[in-house]
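Next up: just one chain, as structure tokens, the form predicted on its own.
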């Protein structure tokens, strides 16, 4: 089921998310819905708070190819290591549509998480995957990519999003 994606500014996007104590059928269904929502948007990552759920859950797939997808479901993801070397990617966000900015992050990150079967996982992500996983984990901590930008640029983007939300409300979408 495709879920509505919250648009910034929304207080739920700025909340620290709660850890997941037990992976239930409802949470697996939520993860499946999030993947469907992410692919439909289309995007490469989505965090639970973006669909209004303040739980530590993200989904991602940076393959960008329907022929060779690699959907990942990460419950309670945690960055355990990052490289000293940085890379800059032009980031966007499904909760901040049509807005992009260069953000600098470590170019490699090791992340631990629990998968949908309850199995502990660990992987070192590189390149776009590293950027995406760090971006999505930021969401779980109430941080958006625009928080890395200067105040003026952040305020300009926020005003655009407020205008977009008014337009959406007027159109009844």
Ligand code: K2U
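None of these values were measured; they are calculated from a predicted model. Numbering follows the first chain given and starts at 1.
One more form of this protein, predicted in complex with the named molecule, exists but is not displayed; see below.
Note that among 110-118, 22-30, 129-137, 63-71, the stretch whose heavy atoms approach the named molecule to within 4.5 Å in the predicted bound form is 129-137.
Residue contact check for residue 146: none of its heavy atoms lie within 4.5 Å of the named molecule in the predicted bound form.
Although the partner is absent here, residue 89 lies within 4.5 Å of the named molecule in the predicted bound form, judged by heavy atoms. Mapping the unseen interface onto this chain, residue 44 counts among the residues with a heavy atom inside 4.5 Å of the named molecule in the predicted bound form.
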